[in-house]
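This document opens with one chain alone, in structure tokens, the form predicted alone.
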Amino acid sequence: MNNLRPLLHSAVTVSLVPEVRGGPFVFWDDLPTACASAARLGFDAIEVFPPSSEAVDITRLRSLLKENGLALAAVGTGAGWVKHRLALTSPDASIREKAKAFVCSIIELAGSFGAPAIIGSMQGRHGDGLSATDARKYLRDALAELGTRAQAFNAPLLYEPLNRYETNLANTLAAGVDLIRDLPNVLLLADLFHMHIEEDNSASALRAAKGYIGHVHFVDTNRKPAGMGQMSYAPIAEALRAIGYERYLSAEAFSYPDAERAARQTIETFHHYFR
């Protein structure tokens, strides 16, 4: 009998976007310090949220990752919404095109490291004259186009279902699966914080989404680092092993009580349940 468990990888978030300061990112602004801290604490990778692709010095990032023995787990596109108010479901076709161009630039940045890009807040929402049917069509069309673009870099495109307070397009993993079904090269990002709000049972939702999970945001029920809230991680760990998940668990959590202790708390919880 083979008792080997799937190998899961740890990652920690680094935000380079001043406009979201105070949001759920462990490290802020200082990429060299973040990389050094992540490596010292034993993380496998970092997940970066840049203001734009142009703001990232690829040569410098590659050097920092190599120096610290880290990989790039994923790159977020949230600044497209936060800084520029771009959404893939905007009623304005010109804004939708600008949104896709922004995501394409992040896909190219991430893809140069073999990493996926994440679409979360840039998905937008329906309402204010935009029907749910049209919003869903705009989003599916964009995901199909962008997923194909990411395929050129041998990396998936990650779509993140968000809780009801952030979008009304897809709030659960099941709704996410229904949205991306049959789309080329698109997988789901399962964020445990959003799932705690929307799912009846997070572990069961993960099992039901087998084959569609491409990334996990590892966080607690209160958006604090894993182990500082009420999340039951044992059933989640069992579910991820059951579906053969072998990708990243990435800490998208508040820098609480500070970056160093948030990262340490995360990696200790990760090792307890997944190593």
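These numbers were taken from a predicted model, which means no experiment stands behind them. Start at 1 with the first residue shown and count on from there.
Just so it is clear, the following notes concern the form predicted together with a small molecule, a form of the same protein that is not shown.
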Taking the partner as it appears in the predicted bound form, which of 171-179, 99-107, 85-93, 186-194 has residues with heavy atoms within 4.5 Å of the small molecule? 186-194
Is there a heavy atom of K224 lying 4.5 Å or less from a heavy atom of the small molecule in the predicted bound form? no
L162, heavy atom within 4.5 angstroms of the small molecule in the predicted bound form: yes
Using a 4.5 angstroms cut-off on non-hydrogen atoms, would S202 count as touching the small molecule in the predicted bound form? no
Does any heavy atom of E166 come within 4.5 Å of a heavy atom of the small molecule in the predicted bound form? yes
